[in-house]
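Starting off, we have a lone chain in the form predicted on its own, written out as structure tokens.
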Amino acid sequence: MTGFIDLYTEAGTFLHRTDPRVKIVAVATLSLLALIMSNLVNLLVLAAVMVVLILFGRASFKKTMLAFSYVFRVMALIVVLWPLFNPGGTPVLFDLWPIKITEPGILAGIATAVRIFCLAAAWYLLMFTTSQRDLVRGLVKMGLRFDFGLSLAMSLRFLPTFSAIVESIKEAQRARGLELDKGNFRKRAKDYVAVLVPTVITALKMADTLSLALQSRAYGARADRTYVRELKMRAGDYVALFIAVAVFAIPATVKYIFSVPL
């Protein structure tokens, strides 16, 4: 059975123990750093750092490969297509009108692909080392409205369940002789109605049950909220926060104040 899976891998590393607010800020700064960098060597160094952090996070190998499999496809597509649409510069390695491939075009394509990897790795690192509960809790502590946070938490919670339900419905229809993967587009779209209808009905039932559960717990009866576990910044979290901000602030200052290319 395939579908959405939770990328979080439970472990006792320093990345898991770090306050989720710090990790959110760190991911944002690493993403911005990848965006302002254009030098391939610098991007490769940043990518290597991201790989080391993922290894320190002890993410599940299966989940890591599943998550990055989509990223690698995009990277390969960029490396192949970028030189075709960006033929400027010299030396020219291949010139057969209208196709012109240059060395700067290839290097720019590789740099863009590495940048995509860095962006994906930063956000995957957050998902690998932060549970859905802590992630939503951190966002709420950073100013996100609680009802928005609750909606996000429920979405993350029920995505795996809903994905499994859809797969179960498809398997049940296949057992009844419905061939979902054969025929032209019109036929397959018509066949998928047999999956869509029970899926919508199941979703409505789940929403109604969830609504009753919230009402039975008097959701919204009080404006103030209490939590089982409060997020508290420790000394190590402040150090990590300082490092995360400095990682972006120093290169940004070097590039935009002192005009040193990165």
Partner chain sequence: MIPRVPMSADQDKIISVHELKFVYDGSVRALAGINLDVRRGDYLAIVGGNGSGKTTLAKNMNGLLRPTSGSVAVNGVSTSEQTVAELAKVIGYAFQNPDHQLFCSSVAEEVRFGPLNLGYPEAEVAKKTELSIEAMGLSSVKDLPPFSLTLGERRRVSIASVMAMDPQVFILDEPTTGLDARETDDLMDSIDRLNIDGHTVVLITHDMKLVAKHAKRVVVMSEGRIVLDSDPGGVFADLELLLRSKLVPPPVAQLAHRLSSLGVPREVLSPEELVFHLMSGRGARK
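Fair warning: this is a prediction, and the values are worked out from it, not measured in the lab. Numbering follows the first chain given and starts at 1.
Below, we refer to the form predicted in complex with its partner chain, which is not included among the displayed structures.
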>> Quick check for you: of 108 to 116, 78 to 86, 92 to 100, 173 to 181, which stretch puts a non-hydrogen atom within 4.5 Å of its partner chain in the predicted bound form?
In response: 173 to 181
> With the partner absent here, would Thr18, Val52 and Gly57 each sit within 4.5 Å of its partner chain in the predicted bound form, counting heavy atoms only?
Replying inline: no
> What is the one choice in Met127, Ile169, Ala122, Leu139 with a heavy atom within 4.5 Å of its partner chain in the predicted bound form?
Replying inline: Ile169
> Leu35, Met65, Val193, Val41: which sits within 4.5 Å of its partner chain in the predicted bound form by any heavy atom?
Replying inline: Val193
> in the predicted bound form, does Ala48 have a heavy atom within 4.5 Å of its partner chain?
Replying inline: no
> For Ser31, is any heavy atom within 4.5 Å of its partner chain in the predicted bound form, or not?
Replying inline: no
>> Since only the chain is shown here, I'm wondering whether Gly236 would be in contact with its partner chain in the predicted bound form (any heavy atom pair within 4.5 Å).
In response: no
>> My question is simply whether Ile165 lines the interface with its partner chain in the predicted bound form - judged by any non-hydrogen atom within 4.5 Å.
In response: yes
> Out of 197 to 220, which residues reach within 4.5 Å of its partner chain in the predicted bound form, heavy atoms considered?
Replying inline: Val197, Pro198, Ile201, Thr202, Lys205
